[in-house]
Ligand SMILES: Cc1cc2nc3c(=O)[nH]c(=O)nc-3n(C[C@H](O)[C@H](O)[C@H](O)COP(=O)(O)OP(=O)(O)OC[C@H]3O[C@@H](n4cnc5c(N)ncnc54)[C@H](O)[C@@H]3O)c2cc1C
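The chain below stands alone, shown as structure tokens; this is the form predicted on its own.
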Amino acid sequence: MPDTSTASAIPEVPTIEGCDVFVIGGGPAGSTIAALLAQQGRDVVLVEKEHHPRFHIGESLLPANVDLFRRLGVHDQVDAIGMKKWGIEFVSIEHAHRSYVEFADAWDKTMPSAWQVRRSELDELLFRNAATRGARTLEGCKVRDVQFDDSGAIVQAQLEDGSRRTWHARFVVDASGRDTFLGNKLKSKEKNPEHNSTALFGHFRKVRRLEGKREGNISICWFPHGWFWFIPLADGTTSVGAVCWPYYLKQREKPLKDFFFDTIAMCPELADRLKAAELVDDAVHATGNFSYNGTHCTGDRYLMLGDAFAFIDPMFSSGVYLAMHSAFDGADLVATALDRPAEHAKARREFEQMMRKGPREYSWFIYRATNPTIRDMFMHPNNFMRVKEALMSLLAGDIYGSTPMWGGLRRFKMLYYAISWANAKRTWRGWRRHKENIRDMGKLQGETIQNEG
């Protein structure tokens, strides 16, 4: 008889599964590109480290999202879970009035509305759609390592029960969001030196909302240490968050819930809307280190989408749109890499330019959002030389099409600089305050902090 006494000591060789494309992250970017590539007939594996539905912020969508949902075949499903959003309300403690703008006032009148959505519902909807389109989806699966070779990459992942699975993929897509899996591995992630903010947020019931058509609009409310979002959701709850400078959150000497309500009190209009409200699950969250960039987002066998490449302050609700748009263009790039490798280098250069365009265009306004000049311009919107139409086109997400809005945006910026020059002392004080506000205060203790009270 053969000797089998040492058989158990022989290490088991892991089974390596094959696929065309491996997608890390089941959020809007990952689920979108997985659905598109699967529809092309490619073998796509899409993994998500958590289980849907899972909590996420970023609940306000842009009108430019609407066409992307339609092209994915999920427009009606999103409409069923969404709260219709026709425009934006601006609230400033330094102005007696409130300002209202509508997306229908944009240069292109065909994108008049979007939705507010619970991200747990939207993300699950998109993830299930990817499976319906043919992607192999797996939840509770955390990618541990990616090693590239001449023909693709070896991807190692771990499931919740501790078991491991290994794939060899011809191409890897990083849609891991703020986990920035490949950005960390390749050391391509860089802190944004021009903006540094933190956020604390919660969900409320029994909130006083705007009336009529404006009920679903997002409200942007300035306060001395930053700005608030106020996002009504279809289930009756309202998402409220304060995006503030790090020094302010570092001053906290009381439970997070109490600190949050003290912050809300600094904006009287918002405090009045919440005076009879109830905090859902008695939970307040905090997150820090908002803004970062990547040195690059593509390689021979990989690309990074959405927040896996760059993250900017969410003031203009651009996150989901930029992620999904990058997924549509990313699907074309992957197809080029796999089917027409001779064209891949040129396609990569064009993709890199596209990925920088969105954050760049929004960031000019974000960096100045708390500046008194910009605040005055938002509180007194004027369509002189069509600058309001151009601004609303930007806020609607119409930045990748052929809408001739760029001249209007240049004129808006010229007006900004002219007003700033005419108010030189105020501008200087604002610039100095901004430099002081964005100073690095160190990382918050934990990415998400539940209410300690």
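Not measured: the values here are computed from a predicted model. Numbers follow the displayed sequence, beginning with 1.
Quick note: we don't show the form predicted in complex with this ligand, though the next part is all about it.
- The closest heavy atom approach of residue 372 to this ligand in the predicted complex falls outside 4.5 Å.
- Residue contact check for residue 54: one or more of its heavy atoms lie within 4.5 Å of this ligand in the predicted complex.
- In the predicted complex, at least one heavy atom of residue 49 sits within 4.5 Å of a heavy atom of this ligand.
- When this ligand is considered in the predicted complex, residue 106 lies well away from it, no heavy atom lying within 4.5 Å.
- Partner contact region in the predicted complex: 26-34, out of 398-406, 384-392, 411-419, 26-34, criterion any non-hydrogen atom within 4.5 Å of this ligand.
- The partner is absent here; in the predicted complex, the one residue of 78, 267, 199, 72 having a heavy atom within 4.5 Å of this ligand is 199.
- Of the candidates 356, 84, 128, 178, 178 is the one whose heavy atoms come within 4.5 Å of this ligand in the predicted complex; the others do not.
- Residues from 59-73 that approach this ligand in the predicted complex with a non-hydrogen atom closer than or equal to 4.5 Å are 59, 60, in the order they occur in the chain.
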